[in-house]
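Just the one chain here, laid out as C-alpha cells, in the form predicted alone.
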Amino acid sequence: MLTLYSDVKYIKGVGEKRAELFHKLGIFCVKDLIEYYPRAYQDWSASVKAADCESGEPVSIRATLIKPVKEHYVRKGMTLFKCSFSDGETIINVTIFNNKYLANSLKLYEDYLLFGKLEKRFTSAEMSSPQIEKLADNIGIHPVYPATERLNSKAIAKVVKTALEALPEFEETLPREIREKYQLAPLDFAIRQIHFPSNNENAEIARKRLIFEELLVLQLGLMKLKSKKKSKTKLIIKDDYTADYYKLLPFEPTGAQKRAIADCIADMRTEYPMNRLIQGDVGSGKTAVAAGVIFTAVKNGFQAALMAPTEILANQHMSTLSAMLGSKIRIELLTGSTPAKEKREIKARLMDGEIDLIIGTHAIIQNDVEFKELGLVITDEQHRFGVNQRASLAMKGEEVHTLVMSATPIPRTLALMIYGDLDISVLDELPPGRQPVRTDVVNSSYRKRIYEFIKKAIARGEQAYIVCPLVDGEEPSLASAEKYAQSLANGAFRGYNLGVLHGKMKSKAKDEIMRSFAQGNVKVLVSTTVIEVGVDVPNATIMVIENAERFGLSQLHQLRGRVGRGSTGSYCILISDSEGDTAQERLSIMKKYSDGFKIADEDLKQRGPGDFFGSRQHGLPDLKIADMLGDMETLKICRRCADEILAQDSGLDLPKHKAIAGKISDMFRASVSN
C-alpha cells in the first residue's frame, strides 16, 4: 500500500531510473511529490476561435487535423513536422520540432486541443510546437509544474495523479474551530484540488487553505523556538555602566545607537538571557553599540566573545574595539592564523579569566576553547554563520546573553519572520558627518572616462574598487574578475598596483590581498561580491560595478557601502548596457535612494525575499506554496492565530494540536538539514 513516506520509485509507472529524475527536483518520497505544487494552470476548457485571439497570446483552440503530417529533415539533430488544423473558420499551420512520437500519433480528421502561442497571419495562423492532445481526454484545467528537460510537466502531472488515486483520504491537521473561524477548506479537498482543480474557484480555495497552514506552522515553529530560549539565566547584569562608556567616546552616539544599547542592557538585567538582533544600515555604527554592551557586561564581571566571519573583519574589530575600550578592559584576538604557542597562552588566560573580551573567527568555537565566566556572545554579519556555529559559541557558557548584528537591511515585517526567535533593534540613523556617496548609472561607452577618473583619484592618494559579477568568464558577455584585472594590468592601468579578489581563492590569500588594499599598497581592487561584507578602507572613494543589472538592489547597496567611509566625497558608478525597462528602473532606484531600508523595500517588491539571503543562508524553513511577500496579509492573520493557539496550549500537547506539532517538527527538521 502506498503511503506518504513510500519511496517515489514505488509509484506505478516510476521505477528506479525515473526516480532519479525526480530526485533532481528534490522529490524522494510520495510526500515530497504531493507537496510539489503546480506553479500555474492552463485552462484547456476555455477554448477560443483563432480569429478572436490576440497574436502572441497563449491560447487553447479546438481544431481538426485537415492536412496530414509531413516530415522535413533540416540537419542532424533537427527534424521538423508540419501539418494543418482548422477550427472551422481559420486554418492553423503547425510546426512540431523533433517529436516523431507526437507526429505519428496524429490522425487525419480527428479533433484535438492545441495549446500554445498563436501568431496570426493575413488569412491564416501559425503555432510553433504547441501542446497537442486528443479533445476527448483533455477538456479541463491542467497543472503546470516546475520541470526539467528530461521530466516535463505533463509527465509529473501523470505521476501525481497516479499517487493521489492510490492514497487514502488525507487526515485533517487543523482543528475544526480554526477551519471554521478562518473559512478554510478540508485538507483532503485542498491537496486534491491544488493539483487537479475542477474549476478556477476551487484552485483558489485550495491555495488559501494550504498557504494558511504553511504560514501558521512557520509562525508557531518560530514562536516555540523563541519560547524555548526563555530558560532562566544566572548571568544577570546588576549595574549599568553605559554613562561611563559614553565618556570614553570621542563622538556623540546617535539616538538609535543609544536606544539599541539601552534595549540590550534592559534585556540583560532580567532573569532571562538576551537574544537580540541589531540590524543597521551600512555605516550606522553597530560596532559602537556592541562596544557599549561589552563594556557593561565586563564591568559586571562577565567575559564576552565576538565572532566575525573572516580574519580580516576580526582584525578590524580588534583594532576598533581596542581603540574604544583597550584602556579599560583586556582584549585578545584568536584566529586560525594565531601562532600555536600564542593560541595555547590565550586559551589558558581565557580559562583563568584574565581576558575580558576575545575577538576571533570560528577558531573561538573549537572544543578546547573554554571560558571562566562567559556572559555575552556577539556574532557579526550573523547570516554568514550557520545556526550550528552560532549555537556552538553560545554553548561555551551557561544560558549566555546573545547579540547578533547584521548590515543587511530587511523590511521589519520580513525581519520579524526570518528572525522570529530574536528581539530586534534597528539602527535607522547614520552618524553625523558621514559623507553621502554620489551614484551614477552609465553604459560601457563611459569606461575610458571612468578609468581616467580613477587615475586622478589615485594621484590624490585615494583607492578604488571594481566589482565584476563573475570569477573567470563563465558567461562571455559578462565581465569576470580575473580576465578584467588582466586586461587592465596590460592596458589602462599598466604600472599601477592592481589586486584581484574572489570567492574561489583560499582564505589566507583573500586576507593578504584585502590587508594590502587596506594598507594602501594595492590601488585598484578588482573583485567579485566577496567584498560586500569587508574591512573598512576610508581611503577607498570609488566603487565601479560592472554589469550592475545582474545584482540585487540590496547587494548593490551593500557594495556601495564599501566607499564613503572616510571624510572625502565618494562615488559609486553602475555600468550597464541593459536596455530593459526593469533593469533601468532598478538601477534608477539606486541613484534615487541612499537609505538601505527603503532600497530593501523596493528590492522585496521587485524580486522577492530570495535576493536578500543568497543560497538559503538565513536558515528559514523552505516554503512550498506560500510567498513571504505576496502572502504578507495571510502571514499577519497567521501570527494572530498562532498567538491564540499558544495562549490556549503553549506546548501544543492537546490531542487536537498533535498533527500540527508534527508538521512543525517536519518543517524545522528540514530547515536544519538544509
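Numbering starts at 1 and runs along the sequence shown. All values derive from a computational prediction rather than experimental measurement.
Not pictured, yet referred to below: the form predicted in complex with a small molecule.
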| item | value |
| --- | --- |
| Contact assignment for the small molecule in the predicted complex, among G77, P168, G88, P432, heavy atom within 4.5 Å | P432 |
| In the predicted complex, the residue from Q303, S284, S527, Q219 that sits within 4.5 Å of the small molecule by heavy atoms | S284 |
| Residue contact check: G520 to the small molecule in the predicted complex, 4.5 Å heavy atom | no |
| Residue contact check: N202 to the small molecule in the predicted complex, 4.5 Å heavy atom | no |
| In the predicted complex, E71 touching the small molecule (heavy atom, 4.5 Å) | no |
| In the predicted complex, T254 touching the small molecule (heavy atom, 4.5 Å) | yes |
| Interface segment, criterion being heavy atoms within 4.5 Å of the small molecule in the predicted complex, picked from 371 to 379, 343 to 351, 494 to 502, 275 to 283 | 275 to 283 |
